[in-house]
Every structure is written in structure tokens, then in C-alpha cells.
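Just the one chain here, the form predicted alone, laid out as C-alpha cells.
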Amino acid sequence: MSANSIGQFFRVTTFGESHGLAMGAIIDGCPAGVVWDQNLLVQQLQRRRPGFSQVVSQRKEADIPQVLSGVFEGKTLGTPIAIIVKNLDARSNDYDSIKQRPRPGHADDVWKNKFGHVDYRGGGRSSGRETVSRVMAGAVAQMFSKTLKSELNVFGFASQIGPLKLSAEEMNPSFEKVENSVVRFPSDQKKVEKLLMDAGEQGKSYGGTAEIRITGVPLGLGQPVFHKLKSDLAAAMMSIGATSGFEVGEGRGATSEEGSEFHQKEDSPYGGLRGGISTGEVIILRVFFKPTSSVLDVAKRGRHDPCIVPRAIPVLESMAWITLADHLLWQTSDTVGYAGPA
């Protein structure tokens, strides 16, 4: 099985299965001298981990990271950085039936048909547990990116969970309001919590939408043809399990508009990207998620998220940081002796 890596210059390889010994990430290409922020790494893992609320998976994982290489005396060495977290609360017996009866909506049968021999426990590498590796790598990407551009920031929130949507007036929430909500939906928190609690008890599930905003973006990130910043961001986001769609700026809303009005809007409708290159404006992305595949009796017996969006947001942010770090490094090779527009 190949294709476990992402990035051209800031390259991330993830490894591990849901019920194996550990999950891990190897980050190759991070320059030497980046100040290591262990607290940031731990904090980001805690934002993603299961078991922190009754409305998410009840698998109890501490997700304490162990840095195996690439860091010395509080700074990166420029050598590959390897990080793992151990799997401590796998209940493999819950998945014995999958060997003979694949779960609807999951990748059990697809992986079996493709590879022949698979780790069926918890979905193996197709499990949402795989995303813990992305968050480890994303924390390193954030450390590096903010070393170069301290004003860079990535912020995500749920704009829709099942039938509940934020109004236009609620689409500019503060980070604190989002993080103080266990569902990362900055309105009607109790209503959303009840929706998901009831779903968990009844074996139901919901999809939703996450919005990601990237601020402090420098001009000129992105390659104009095959590695447009928007296409690399789309590939990064859509590589996450359960995603069903992606849009930037006004996205599909632009398809019904007339051009002379669309291109004259006071607020840029392009989402901070033109020609595949960052304009320096806020980059606005939306990622759509299907309902969690485990439903009815499967959901009642196992430990599953009734909606993946709340725990997916730290993963989406991590994939954005990884993409930004890659393009920040790439930008250094674009020109010789040109300092940008005066």
C-alpha cells in the first residue's frame, strides 16, 4: 500500500492502524532551528482525541505524544521528526463480525477487495483513528509556519450539524466561543448536544459542514498550474475520511450569479485565491461531511461519533497547516532576486 505521504517540500508520512500498537507521523523537510512547542503538540492532540464528551466516540485514548527523533535541546534539527502516540483502549473483539460481514458505508469490503489481506479491527488504517497522525504533523507544520509568518492563523468551526445551520449573522464566531462548545458549533449548543445525544442512543448519525478560515496569508503562495494552493488544499481536505465535498470562496453559490455583478462585489468572492495563488486576503474554505457510516445496531454496540464534524475540525486545521508549510517552503524556490511588489 503506497500513497501514505503528502507534500513536496514539507513532507509528511503517516503510519499505524486503529488497533495496532501506535499511530505515528514522520515529518521530513522541516528546517533546523524551529523552536519546539511541546505544549502546542499536546494541546492539538487533546482537541482531537475521543472520549472527551458524551457526543463523541467513547474510546478512551490519552493521546500523549512521544517524540522519537528530529528534536534536540528545544529546537528542530532539520532531520526527520518522528512522533507516535500509543493505542491504549482498542476493543478488537467488537469487530470480529467484520471479517465475514462488512459494515455498510465503511471501506471494509473495498479495502479487502483491493488488498486481499487487511486489518479489519476498527477499520484498520481506514479508521478515523488515522487522523491523530495528521494532527501531530499539523502541530509541527504550525510551529514552522508561524516561525516564518507569525501572523498566520487557521481557525475552523462547524457551520452546520445535521439539520441545524448557523445564520448569516452567526458566521463570524470567536475562537473562544467555538472552543467552549464541545460540538464546535457556536450557537444553540444545547440543541446540538441533544440532537447528537439522541442520535447516539437511537443509532442514528448526521453529516455537516465545517468552515476553515486562514488569516495572515502572505501573497504568492501556490503554483499556477498543477499545484494551485486551492487544489492542494482541496486534496488535503478531501483525503480525510467521510468528506463528501469542498469549496473555496463563494463556491457553488457563484454558479448561479451573473459575472458583471459577481466580480464587482465589495467583499472578495474568491476566498483569498486567484489563479491558484494567494492574494493576501482571508482564505475561506468549506468542507462537507456525510453522516457517520456506523448506524443502528452497529452504532449502539460500538464506540462511534454520531457526527464526525466536531472532532474533524482540528484535523482540517492540521491539513491546512501542512499545506501552508509546504507552500511556504516551495515559495523560497520560486524566484531569484525578486522581493515581491513594491
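Since we're looking at a predicted model, the values are computed, not measured. Residues carry their position along the shown sequence, with the first being 1.
Below, we refer to the form predicted in complex with another copy of the chain, which is not included among the displayed structures.
Even though another copy of the chain is not shown here, does it sit in the predicted complex so that Asn180, Pro218 and Ala312 each have a heavy atom within 4.5 Å? None of them does, since no heavy atom lies within 4.5 Å of the partner.
Might His117 be said to contact another copy of the chain in the predicted complex, defining contact as any heavy atom within 4.5 Å? Output for His117 is yes: heavy atoms within 4.5 Å of another copy of the chain.
Using heavy atoms and a 4.5 Å limit, would one call Arg252 a contact residue for another copy of the chain in the predicted complex? Because a heavy atom of Arg252 falls inside 4.5 Å of another copy of the chain in the predicted complex, the answer is yes.
I'd like to check something about Phe144: if you look in the predicted complex, is any of its heavy atoms closer than or equal to 4.5 Å to a heavy atom of another copy of the chain? Yes, Phe144 sits close enough to another copy of the chain in the predicted complex that at least one of its heavy atoms falls within 4.5 Å.
Test of understanding: in the predicted complex, would Asp63 fall inside 4.5 Å of another copy of the chain by heavy atoms? Outside the cut-off, so no.
Pick from 172 to 180, 228 to 236, 185 to 193, 150 to 158: which stretch has non-hydrogen atoms within 4.5 Å of another copy of the chain in the predicted complex? After filtering at 4.5 Å, what remains is 228 to 236.
Stretch 244 to 258: residues contacting another copy of the chain in the predicted complex, 4.5 Å heavy atom cut-off: Ser244, Gly245, Phe246, Glu247, Val248, Gly251, Arg252, Ala254, Thr255, Ser256, Glu257, Glu258 sit within 4.5 Å of the partner.
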